[in-house]
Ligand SMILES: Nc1ncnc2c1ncn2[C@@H]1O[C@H](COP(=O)(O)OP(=O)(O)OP(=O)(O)O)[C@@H](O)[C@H]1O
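Single chain ahead, by itself, as structure tokens, in the form predicted on its own.
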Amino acid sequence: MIQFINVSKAYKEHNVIENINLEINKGELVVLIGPSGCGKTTILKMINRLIEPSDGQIKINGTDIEAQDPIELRRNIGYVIQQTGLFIHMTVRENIEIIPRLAKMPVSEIVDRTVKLMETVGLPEEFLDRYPNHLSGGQQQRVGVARAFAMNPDIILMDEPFSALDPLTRSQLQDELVSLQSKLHKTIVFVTHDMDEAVKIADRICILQGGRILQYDTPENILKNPAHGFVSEFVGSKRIWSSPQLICAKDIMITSPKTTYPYVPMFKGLEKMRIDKVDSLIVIDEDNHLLGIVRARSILNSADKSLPVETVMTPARVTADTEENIVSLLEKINGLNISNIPVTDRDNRLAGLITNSSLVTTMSHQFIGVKGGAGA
């Protein structure tokens, strides 16, 4: 959808952007983030040619934007900025309709679309005849979003649109943006300096420093596997705990749980538990499919321990998917008062095991520093 190919931007001898290559897919919400002066807003403004690159190419749907009329290009790209950019001498309706009217869209279509946009951004229709200074900051920003969508563009650029708002309003607008994107699937490029905001809304995050891309990946991978020392420092070692839904079963499970086959005699199963210092074994078939669980107390209560373990095996009360998050796992363990949960793939093959101890170890990481305690 949007391609940066060896793009650089310099002012005199100062390089703001240095030879970046970046591809933003259709329907993605991509966040550009980094410290002040890293080049994130420059990259954003190059997409609609408010800033021209010094070198390289920028393509939209395979076409070099240099070959397009900049006015026409901008009319077909929505743009939302920090201070809304609303014209204070115009009503809300006039602000939203200004570009469609310049584009000479049919008046009836403009009117209908304006009403629908107000509904989409959660504002009452009666606000259309008010002026921006009669609205709260959050309401003004909603109008700004509505105006950006007025031409039904495929691409929306958002330059720190929520940064001037109070925390509650900001959080509400973030939620509404995520909801809106799930319905409309626009290609959104969003600039912020707030990592919490980035993780909350992004499909992918591009972390920049000194005009270079340090890591471009999903929020999950950036939080779990920072590719650079600066990224790790910028993200923060414990930021994953502000988004526990990104911690999945596959990240914390025991990958080699103690298992047995259904035909193994109970006395051998009990001996295996003793050697491995566990009180239960997961029963699987030859193809690693989960069959059930056999517990030491069940074997001890059996009169004939030469019988196969399947005799006293019980089905797993609950299982987890490898992508299931830690919040859901904790709810299952607490709700069912169980000590472990087998993790299976979509074909019911055993992938691992979540235990109380593995959860405790994981949860403790948010309180214990990753660098260890003080020296002697």
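A residue's number is simply how far along the shown sequence it sits, counting from 1. Just so you know, these numbers come straight off a predicted model, no measurement behind them.
Keep in mind that the form predicted together with the named molecule is not shown, yet the notes after this line are about it.
None of the heavy atoms of D203 is located within 4.5 Å of the named molecule in the predicted complex. Taking the partner from elsewhere, D194 is found to have every heavy atom lying beyond 4.5 Å of the named molecule in the predicted complex.
In the predicted complex, at least one heavy atom of T41 sits within 4.5 Å of a heavy atom of the named molecule.
Interface membership of E160, defined by any non-hydrogen atom within 4.5 Å of the named molecule in the predicted complex, is confirmed. A heavy atom within 4.5 Å of the named molecule in the predicted complex is found for exactly one of P35, P70, P315, G335: P35. Residues of just one listed stretch (303-311, 56-64, 41-49, 335-343) have heavy atoms within 4.5 Å of the named molecule in the predicted complex: 41-49. Counting a residue when any of its non-hydrogen atoms is within 4.5 Å of the named molecule in the predicted complex, the hits in 1-27 run Y11, V16.
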